[in-house]
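This document starts with one chain, in the form predicted alone, laid out as structure tokens.
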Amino acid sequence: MAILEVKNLTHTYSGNSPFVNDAVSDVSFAIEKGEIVGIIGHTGSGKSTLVQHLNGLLKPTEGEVLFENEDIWANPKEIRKIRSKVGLVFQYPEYQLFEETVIKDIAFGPKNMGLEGDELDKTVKEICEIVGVKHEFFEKSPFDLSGGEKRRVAIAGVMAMKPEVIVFDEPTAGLDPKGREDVMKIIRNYRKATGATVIIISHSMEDMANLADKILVMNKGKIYKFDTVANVFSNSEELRNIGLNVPIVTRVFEELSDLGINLPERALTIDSAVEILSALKAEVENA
């Protein structure tokens, strides 16, 4: 069952002016409950504009967005309820921290949703455990934390509202490799614990290969492809033609194949590459 469906969505900036621009043009797709969907595309392809429609931050110029088969703009006065069901984590979310303590910042969203007392405490502590916010940080100012810990707290604040769908816009931007892996682990843990649907914009093909079930490729405001990770990355030439690429390990396998090395399949992740090469080595040794 589709939890989110976008039908013929168009968003036009600067309408009725010489600078009119369709940032998103006649886009349609559906996302199933519990899926992790990656969104990729070159800068200016319409990715961020698209996801800001999913919880009503932007209103379509044309078309509609359905949450559980209902148009989210059917009753504009109720749009705030959609934003508690479809959470959006912006790029560099740590810049939105504002409370005097970590625990107050994480509790801000669920408190505004009406949670209080033991229920509020339980919700916040559950999310802190999933995200890995340490107890000794609870009464600290979020501004005294490291960059990676600030981001962890900011993400926890959105997750604490327990959205059924959570959208990340470049969640690992500006982080070192350890920080990137920490954020990916947080997303995996949250999905495993809650069954939530996850949508991620990323420029990292490696992150998409490791995390996503499907990938939606945007190009010039339109959907270029929406398919499984394996199918999207199966034709690297197509992606290069629109300014994208495939994961590094996939490129390595392509080059090995070009050199005449017969590989049984294409690898998308380091783990899958190790499995394929180990099996190939064992086959050669036993021949």
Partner chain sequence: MDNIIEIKNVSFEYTDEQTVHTAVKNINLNIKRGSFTVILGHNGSGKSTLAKMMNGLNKPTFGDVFVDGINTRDEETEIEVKRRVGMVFQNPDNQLVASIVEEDVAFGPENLGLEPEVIRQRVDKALKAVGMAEFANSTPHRLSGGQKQRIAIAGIIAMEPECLVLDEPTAMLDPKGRREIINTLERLNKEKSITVVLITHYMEEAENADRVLVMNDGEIIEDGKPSEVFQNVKLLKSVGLDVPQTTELLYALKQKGFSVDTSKISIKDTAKEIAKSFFKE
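Only a predicted model underlies this, so the values are computations on that prediction, with no experimental measurement involved. Positions refer to the first chain, counted from 1.
The same protein also has a form predicted in complex with its partner chain, omitted here; what follows describes it.
Please name which of the stretches 193-201, 120-128, 168-176, 67-75 has residues with heavy atoms lying within 4.5 Å of its partner chain in the model of the complex.
Single hit among the candidates: 168-176.
Using a 4.5 angstroms cut-off on non-hydrogen atoms, would R180 count as touching its partner chain in the model of the complex?
Residue-level check for R180: yes, a contact with its partner chain.
Could you tell me if E255 has a non-hydrogen atom within 4.5 Å of its partner chain in the model of the complex?
Contact check for E255: yes, within 4.5 Å of its partner chain in the model of the complex.
K222: touches its partner chain in the model of the complex, heavy atom cutoff 4.5 angstroms
Although its partner chain is absent here, K222 would stay clear of it in the model of the complex, with no heavy atoms inside 4.5 Å.
Given that its partner chain is not shown alongside this chain, does K33 nevertheless sit within 4.5 Å of it in the model of the complex, heavy atom to heavy atom?
So K33 does not count as contacting its partner chain.
Taking its partner chain as it sits in the model of the complex, which residues of 255-276 have a non-hydrogen atom within 4.5 Å of it? Please list them.
E255, L256, L259, G260, I261, I270, A273, V274 sit within 4.5 Å of the partner.
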